[in-house]
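Just one chain is shown here, as structure tokens, and it is the form predicted alone.
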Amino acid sequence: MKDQLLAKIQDRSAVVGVVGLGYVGLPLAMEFAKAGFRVIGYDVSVPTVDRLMTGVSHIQDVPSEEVAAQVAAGRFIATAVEERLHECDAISIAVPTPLSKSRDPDMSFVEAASEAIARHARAGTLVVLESTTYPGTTREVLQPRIEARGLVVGKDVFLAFSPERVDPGNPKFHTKNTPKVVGGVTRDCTEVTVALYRSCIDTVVPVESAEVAELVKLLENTFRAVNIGLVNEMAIVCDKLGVNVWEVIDAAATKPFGFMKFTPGPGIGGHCIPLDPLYLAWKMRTLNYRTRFIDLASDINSEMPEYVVRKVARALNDDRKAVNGSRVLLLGVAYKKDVDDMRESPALEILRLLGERGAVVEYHDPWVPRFREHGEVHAGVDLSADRLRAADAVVVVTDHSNVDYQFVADHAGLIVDARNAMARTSPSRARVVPLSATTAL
């Protein structure tokens, strides 16, 4: 079975399936298609499937022209018909792995994908999980479901984990040129998976096991979460000392060794950084161990939206205004600059907290014209001089590159800057309250 599958990968006769056509799955499907494979993308969302089959992409990093070209060439088909998974020789799973309300892993999407694949898997199939999860998921969740059909992993079918490393909006690194870590349940599983990904990814990094590969992604994002937590706490320290944290960080970054620059902000967002470390923390709690760094970083990062709201309240108080009844304009609601991704965005918490305190909150985001949260539709507003003058406070939450911050500075009265965006502007009429200094600039 291994030799047959390797031969199909080599001559591109293998049919590749991708389960989940979101931020991870669709770019991966396009890379397989461009490498010459016939790709079947399976997603439970019929509207998503219908749009893709008309050549319209819903993912910022995948141009619609690229999707349309692969559909027209017959190399990519999107479907909501589960039975089409039976046609696939290799299947990559790229479904969401959120947290439950109790902050425990919600494995329902992975379990549903695993069961769908198990219903249609056949001898000679490779299954690769890409969704970020806790160590042991591949062997504990996927393998039993596949082997329940009488197929032996490592002999009849092949199973591996390869963590996604998507960074939405990154102009330099994308799916093809970001090194791909691969760890199989057996060595044959690793060998087949490496062959598949080397067909379309520039660099593939094999590791000893699926558990190693699972832990790689968690280490990467825990590293980021902990360091972001550190600089967020440093911002609070600098605030109490009356020191500009941005100047401290920039000066520290001149050291050519032993320091890596991270910057503070209103919190962390995206699907990975806020969630992935908590998967590891949950797993370790089942082994009676507390991941103290992860817990502390999570606490600090999750408190940053409240910290920003307190900044807004104090700044309004200095103008003899209450939060209740004040007009507050948020600049940016995406979780980071120059993307339309709102997953876990700290802006949502800032908006909620200000609303609870009675503020009249509007937002402007050129990347997110509207969004739905808890059934309520929020629509963005234009960035006009009149709107800026009418706002009692303008809060820079996400520092998109296509916002004219000098225009904001020239027309706003009070600006609370959580991203240091106003440091690049000339002196103006606005009073700017930075993230880290008790004295307004």
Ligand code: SAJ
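The numbering used is simple: start at 1 and walk along the sequence shown. What you are looking at is a predicted structure, and each value in this text was computed from that prediction instead of being measured.
Although it is not shown, the form predicted in complex with the named molecule is what the next lines describe.
Q: State yes only if every one of R165, I228 and Y335 has a non-hydrogen atom within 4.5 Å of the named molecule in the model of the complex; otherwise state no.
A: Yes, the whole candidate spot contacts the named molecule.
Q: To test your reading of this chain, name the stretch in 270-278, 310-318, 325-333, 82-90 whose heavy atoms come within 4.5 Å of the named molecule in the model of the complex.
A: Flagged stretch: 270-278.
Q: Of T263, T186, T97, S199, which residue is found within 4.5 angstroms of the named molecule in the model of the complex when only non-hydrogen atoms are counted?
A: Flagged contact: T263.
Q: Of the options T137, N221, S114, S131, which one has a non-hydrogen atom that comes within 4.5 Å of the named molecule in the model of the complex?
A: Of the listed residues, the single hit is N221.
Q: Check K217 for me: does it contact the named molecule in the model of the complex (non-hydrogen atoms, 4.5 angstroms)?
A: K217: yes, in contact with the named molecule in the model of the complex.
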